[in-house]
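There is one chain below, alone, in structure tokens, taken in the form predicted alone.
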Amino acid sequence: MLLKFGIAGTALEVQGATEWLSPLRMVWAAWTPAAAVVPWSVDVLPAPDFSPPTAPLFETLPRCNGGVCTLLSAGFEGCVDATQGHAYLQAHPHATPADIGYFLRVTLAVQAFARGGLLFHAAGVVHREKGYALFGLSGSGKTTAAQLSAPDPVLNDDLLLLWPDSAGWTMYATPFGKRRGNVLSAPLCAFLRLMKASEVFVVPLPCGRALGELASNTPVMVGDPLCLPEVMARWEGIMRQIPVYALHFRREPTFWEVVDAELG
């Protein structure tokens, strides 16, 4: 079975077993690659001789070096090679579509970086037609803030794709989390580093801290020692165009009133 998937300037053509790819094709139907974008080929191959998986593939961290990322664990052997524009995953037949989806997420992160974009751990909220990337480490409140932002569209409550364009940067919805509404992209207006607090206020995040926090929320590529300097340089360039704030908030939707007052 063939699955075609892409966001902005990314594109993957995935060949694999129907039982793995058919559920993904139904759920990911909104993300069809543009015809002009050259896809990477991805092979997802059953490996009945492998031992059965002992844990989901998402518990395996990719090991990356110079844009070549490998994933090795019981029941799985995968590689994403940016230098060749190709990826493969061999998996025991007991693997699930969720395992395949995780591998494709890793592949997307590598391809996006190679082509000038970034996959980013953040909740993307479209508020008054502006895109806000609400980010922070696990437990900082991304999903909570996204829920409190109703009825504003939520591109995703966990992972966004950031892509450069002539106007600056655009944030795109991904299928790797929960969404609300049918909006698939929005111009990126600001980064909001979420901090749970008793009072609601917004302050600029100091540049050094902002750089470290943004980079640490860049999955896959931040763990590649050869690519890390470019990860940092790319974020420095983004920060020259897009402001970064600390948003202290509590569990109520009034924080958007503060954001509107402070950021316009």
Partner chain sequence: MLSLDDRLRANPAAVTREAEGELVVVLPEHGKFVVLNRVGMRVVQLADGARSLRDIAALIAEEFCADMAQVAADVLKFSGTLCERQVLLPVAPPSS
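Positions refer to the first chain, counted from 1. Values in this document were obtained by computation on a predicted structure and should not be read as measured data.
The same protein also exists as the form predicted in complex with its partner chain; that form is not shown, yet it is the one meant from here on.
Q: Please tell me whether any heavy atom belonging to Arg209 falls inside 4.5 Å of a heavy atom of its partner chain, as the geometry stands in the predicted complex.
A: Contact check for Arg209: yes, within 4.5 Å of its partner chain in the predicted complex.
Q: Would Pro46 sit within 4.5 Å of its partner chain in the predicted complex, counting heavy atoms only?
A: Contact with its partner chain, no.
Q: Taking its partner chain as it sits in the predicted complex, is Ser216 near enough to touch it, meaning that at least one heavy atom pair lies within 4.5 angstroms?
A: Flag for Ser216 set to yes.
Q: Is Lys196 close to its partner chain in the predicted complex, meaning a heavy atom pair under 4.5 Å apart or at it?
A: No, Lys196 is distant from the partner.
Q: Does its partner chain, in the predicted complex, lie within 4.5 angstroms of each residue among Arg128, Pro243 and Val244, using heavy atoms as the measure?
A: No.
Q: With its partner chain left out of view, which of Val37, Val27, Leu228, Ala55 would have a heavy atom within 4.5 Å of it in the predicted complex?
A: By the 4.5 Å heavy-atom cutoff, the listed residue in contact is Leu228.
Q: Which of these residues, Val68, Val222, Ile238, Val202, gets a heavy atom within 4.5 Å of its partner chain in the predicted complex?
A: Among Val68, Val222, Ile238, Val202, a heavy atom within 4.5 Å of its partner chain in the predicted complex occurs only for Val222.
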